[in-house]
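Below you'll find only one chain, the form predicted on its own, shown as C-alpha cells.
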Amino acid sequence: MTKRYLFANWKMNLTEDESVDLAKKFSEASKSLKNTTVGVAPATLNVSATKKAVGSNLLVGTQNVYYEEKGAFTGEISIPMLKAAGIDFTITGHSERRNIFGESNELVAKRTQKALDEGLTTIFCIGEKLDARESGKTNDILAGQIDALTSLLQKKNYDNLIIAYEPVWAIGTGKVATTKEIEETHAFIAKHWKDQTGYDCPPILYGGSVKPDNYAEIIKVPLVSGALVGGAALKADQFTKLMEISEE
C-alpha cells in the first residue's frame, strides 16, 4: 500500500492544555496505523509543550518558518528555534499566509528553501482563488507558485518536501473540489513539477474542507497522498475517523 499522510493544521486555535490533550488523543489513535504518517501543527506558543507530551509517537510541526536564522524580524520564528523545540516539520505558503498576510510566491519559496536546506520536512502549500478557478487560470496560478520554488531548489532537497494543494475557495467554506477537479489538478502539479525539475513530483496532499464524509472518495483519487486538515482536525472523533479511512 502506498504511504499516506494526514497533517492537522490547528491554525490560531487551542490553548496549550487543549493542544496537549488533543495531541495525546491523536497519538494514541495513531499507534495502530501501518501506512499513514500523522502530524499536528499547533500554534507556535504550544509547539514545545505538545512535542514534549507526545514524544516520537506523533509528528509535531509549526505553521510557518522564516529563512533567516536570527535578527530584527518581529513575529517570525527561525529554524534553530524550531530545532531546539524538537519539531519535526513545518508548513509554508498556506493560503491564509498568502492571501491574508500578503506573502508573495518569492517569500514563500525562500521560507521553503531554507527549511529544506536545513533538513526539515516541509509542507509547501499551493492553491488558487475562486476567480482563478472560474476563469480557467488555475494551472497558471499553480505554475507560478511552483516555479518560484523550483528555481531555488537542488535535487537533494526533494526528499523532505511534501506539496499540499489547497483550493482557496474550498477552505473552511464547506465546499469541496470534485474528485475530477482534484484528479486533474494533482495531475497537472505532478507533470509541471517533473517538466521543471526532471524529477518525479513529491507527494501531493489535498486540503480543503476535508471531513470523514468526503475523505474516502478523495483518498482514492490518483496522486492524492493524503490530506492537510483544518476544521476536522480540531475534533478528536473526526480526525481519528480520517486515520481509519486512510488505512482502508
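Each residue number is its position in the shown sequence, starting from 1. Only a predicted model underlies this, so the values are computations on that prediction, with no experimental measurement involved.
This protein has a second form, the form predicted in complex with a small molecule, left out of what is shown; the following refers to that one.
Colleague: Check Glu128 for me: does it contact the small molecule in the predicted complex (non-hydrogen atoms, 4.5 angstroms)?
Modeller: No, Glu128 sits far enough from the small molecule in the predicted complex that none of its heavy atoms falls within 4.5 Å.
Colleague: Within 4.5 Å, heavy atoms only: does Gly208 come near the small molecule in the predicted complex?
Modeller: Yes - in the predicted complex, heavy atoms of Gly208 and the small molecule come within 4.5 Å of each other.
Colleague: Should Gly144 be counted as a contact of the small molecule in the predicted complex, where contact means heavy atoms within 4.5 Å?
Modeller: Gly144 lies outside the contact set for the small molecule.
Colleague: Look up in the predicted complex whether Arg111 has a non-hydrogen atom within 4.5 angstroms of the small molecule, and give yes or no.
Modeller: No, Arg111 sits far enough from the small molecule in the predicted complex that none of its heavy atoms falls within 4.5 Å.
Colleague: Looking at Gly86, Gly119, Pro80, Gly172, which has any heavy atom no more than 4.5 Å from the small molecule in the predicted complex?
Modeller: It is Gly172 that has a heavy atom within 4.5 Å of the partner.
Colleague: Can you check 69 to 77, 144 to 152, 97 to 105, 162 to 170 and let me know which stretch has heavy atoms within 4.5 Å of the small molecule in the predicted complex?
Modeller: After filtering at 4.5 Å, what remains is 162 to 170.
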